[in-house]
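One chain comes next, on its own, written as structure tokens: the form predicted on its own.
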């Protein structure tokens, strides 16, 4: 049986601006198509209206080819392809051009003018007649072009349209009434839409940026539900903040439960140790070691709960050299009891922003581990600095490179010979460094042993 997992390059989602723009483009195209239909319907209902536009367009084209002759009088210089249409269809198209005195300047197929044309001196600006004939209608137009000469008339007669000039005129009408006004307006609306949508979604992008930086393990964090948020975005931010509030309650319950259980266990364990002291004997001594291991586990659970709570507290200035020196002073009697030496060395440690108890607890765990690992008669050295670093060096057997990657996971033990350990000590160290945005590394030492280094973010310059 074979199968294929749905893993691959994730499809890039389209933005809201793109979705709205696509829909507006579709709407604009549909509106323009409706406009074209309306224009065609408008001219289709009244054929004479389109006929008037065709005749007027033809008169304007003829006027474009009228120029002053050698004697100063207007003459027509009609291109051959234009004149050919009149020669090719003598029963369909005709024209007559008359100057202000009534003299014919040019004309073709004059027989189509079956009605008297107005006199140039008294002609209206536009003369239009539709004359029925045996097979249809003859549309006759006379239009004044006083810009050429006062009383200058161009007359056009159209009995049929075998060259389909009406389609060209209709295309011009669509261009004039639909494309020219609608396309710039549509482009302007699209640009305004993209700008408005992007401006409107800026608060949403800001909220998303804040959400990406949230660490749910730190309580009390919320998204900024400012007054400038649109109603829809404000509702989303409020819902996310409500979810964060519920997550805080769950984390708080978990921390409180762990701390309460650990606290309740400490007293009976202490009483049990005292009773075992009174019993004596090998069996009691073995039981006492087990109870001591349980006590250590309870202490570690309490530290874990305390670290979870510290994540939400504001940091303070912590002198790493002072923490190292104090830890060595406190654990020195333990080292002496075990036949080991414990030293402190200040190489110019910096002060960092953090939680002193968490750093001290992490360092104490490392020193206790090092004291267990280093042979009797050798020394464990705590070195603070240089900079935002503090490390613990021992002369133990070291940690195999294969074990270092998961060494700081919970319930993992670097030294499997340790009896009764729960594997939380190094996990507490890792957690302490996590809430300080720092790190912890393990390396071997020349001559044998390990060096565990706590790395803190460099403090900002004063």
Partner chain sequence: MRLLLVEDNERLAGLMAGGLARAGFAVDAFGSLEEADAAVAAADYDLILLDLGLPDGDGLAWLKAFRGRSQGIPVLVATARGGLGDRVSGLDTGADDYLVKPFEMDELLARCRALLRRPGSCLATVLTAGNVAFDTVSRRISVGGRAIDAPRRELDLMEILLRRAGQVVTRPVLEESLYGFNDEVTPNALEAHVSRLRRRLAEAGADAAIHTVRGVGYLLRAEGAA
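Numbering follows the first chain given and starts at 1. Since we're looking at a predicted model, the values are computed, not measured.
We do not show the form predicted together with the partner chain, though everything after this point is about it.
- Taking the partner from the other structure, the partner chain in the predicted complex has no heavy atom within 4.5 Å of any heavy atom of residue 86.
- Remark: residue 232 does not count among the residues lining the partner chain in the predicted complex, judged by a heavy atom distance of 4.5 Å or less.
- The partner chain in the predicted complex is approached by residue 333, whose closest heavy atom lies within 4.5 angstroms of it.
- Not displayed here, the partner chain is approached by residue 295 to within 4.5 Å at the level of heavy atoms in the predicted complex.
- Heavy atoms within 4.5 Å of the partner chain in the predicted complex belong, among the stretches 121-129, 237-245, 95-103, 275-283, to residues of 275-283.
- No member of the trio 206, 225 and 353 reaches the partner chain in the predicted complex with any non-hydrogen atom inside 4.5 Å.
- Residue-level contacts in the predicted complex: of 163, 290, 357, 91, one residue has a heavy atom within 4.5 Å of the partner chain, and it is 357.
- The partner is absent here, but in the predicted complex a heavy atom of 329, alone among 82, 73, 329, 213, sits within 4.5 Å of the partner chain.
- Residues are counted as partner-facing when one of their heavy atoms sits within 4.5 Å of the partner chain in the predicted complex; in 340-357 these are 341, 342, 343, 344, 357, in sequence order.
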